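Encoded as structure tokens, the following chain is the form predicted on its own, with no partner shown.
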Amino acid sequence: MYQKLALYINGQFIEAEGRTTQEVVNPSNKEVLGHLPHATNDDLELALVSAERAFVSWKKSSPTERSTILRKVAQLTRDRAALIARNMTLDQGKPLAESMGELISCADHADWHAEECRRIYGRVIAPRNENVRQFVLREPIGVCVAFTPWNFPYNQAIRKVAAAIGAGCTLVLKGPEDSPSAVMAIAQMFHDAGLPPGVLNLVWGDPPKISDYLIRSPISRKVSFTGSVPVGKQLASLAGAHMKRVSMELGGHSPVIVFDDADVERAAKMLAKFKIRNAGQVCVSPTRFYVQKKAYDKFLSVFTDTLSNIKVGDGLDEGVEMGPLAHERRIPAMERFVDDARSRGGKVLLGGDAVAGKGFFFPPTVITDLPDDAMLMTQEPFGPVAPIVSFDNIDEVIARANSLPFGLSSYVFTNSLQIATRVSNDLEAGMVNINHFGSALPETPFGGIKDSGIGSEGGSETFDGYLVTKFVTQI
């Protein structure tokens, strides 16, 4: 059975009970899976007040207590992974193997935060006067509000929930209405793990309305958002007007640089598989391919051949490697990119047209011969469309890669240590992957620079956005 959908406020699951609801649809066949209740203003206020009340005691809780709950959630994630993954494939569309992978990696995130929250340390500063004692304390910031996206519903939510709760904060979370089952499962697991009422609250509804209400409230102290650059800027502006701290993991347009001296065949195969992960609906998906001229023809041939053999279909079907786009509005978005490319002289070597049928399917697509100011080269497609262009030398490609206002992730393939060092130093990105894909592990920081965000999630930096620094001096 598909996940039962509800609000979760002050330790209680609250069903529709006369509230507005919206249909949750399977993107593979457009079948209605369930009805999601929208929070009223009274619900939002209750969630905030409950979080405020719970913070009074939760901020004083032992890190050991927080760690124990997070470890229980990690184990429950592993125990329930099969059911949660199936429901995630039903409402989000990604292949079942990808859903399972997301769940298992998220269990690791909960375990990492369980261990790291026991090491939130302050420090002692040596005084100038021998009779003075000086301390730095790290304390939870308070009630946090978080907004998470539909592409990795479990992953993006658990990062924020585990960090906030591990730091001693309380949280009101608005999950993704298009793919809600995984976030509902998170609420259920924290509930079952014994999290006190009010520490975690889950609401759904109209995104602009909810974000405005939660951020403007004097109760909330911190805003965390993962999503598009335009929306992130709006929320950061609203938070700034109320002097609230923000962490923002926003969109990117990840450059891929393949040099002549790379293992070109290996790079092409790896990148083709990585490109169609979650149908390209990944903020760190490789989206601008720059291949040095001597390697260009071979790379293009292997890359295109690999994508042409990808099995596209319902994520629950055996052998499917790429599912549908998550919702219907993504189809015309892909068509706009392709139409613009064709109008700019681009050559569509593979795909390019929506797949006829019930679901929201768009095939792996390869486009060449694009100018740098084409839509595909300047805007994040967030889908299975790959533009591939050539370059001459390292100075040129670094300038082209850095020319956009985005700076989330990047990928470099070379067998030269000198080139790898130069490019990793000069690329304007929060993450640089050289000859493999190594980002998004629990123990490593994940975040961007420039328009791609503020702050990091994961690694030893994971709690920074949820803690304030207090200096104490006494004599």
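Quick note: we count residues from 1 along the sequence shown, nothing fancier. Just so it is clear, the structure is predicted and the values come from calculations on it, not from any experiment.
There is another form of the same protein, the form predicted together with ligand NAD; it is not shown, and what comes next is about it.
- Judged by heavy atoms within 4.5 Å of ligand NAD in the predicted complex, the contact stretch among the candidates 346 to 354, 105 to 113, 394 to 402, 171 to 179 is 171 to 179.
- By the 4.5 Å heavy atom rule, the three marked residues K59, I165 and S247 all fail to count as contacting ligand NAD in the predicted complex.
- For the residues P140, G359, P363, G251, the 4.5 Å heavy atom test against ligand NAD in the predicted complex is passed only by G251.
- Checked against ligand NAD in the predicted complex, the residues R330, R277, K160, K222 give one hit for a heavy atom within 4.5 Å, which is R330.
- Not displayed here, ligand NAD is approached by V231 to within 4.5 Å at the level of heavy atoms in the predicted complex.
- Contact check for I84: no non-hydrogen atom falls within 4.5 Å of ligand NAD in the predicted complex.
- Residue contact check for W150: one or more of its heavy atoms lie within 4.5 Å of ligand NAD in the predicted complex.
- Of the heavy atoms in Y213, none are within 4.5 Å of ligand NAD in the predicted complex.
- Contact residues in stretch 50 to 80 (any heavy atom within 4.5 Å of ligand NAD, taken in the predicted complex) are absent; none meets the cut-off.
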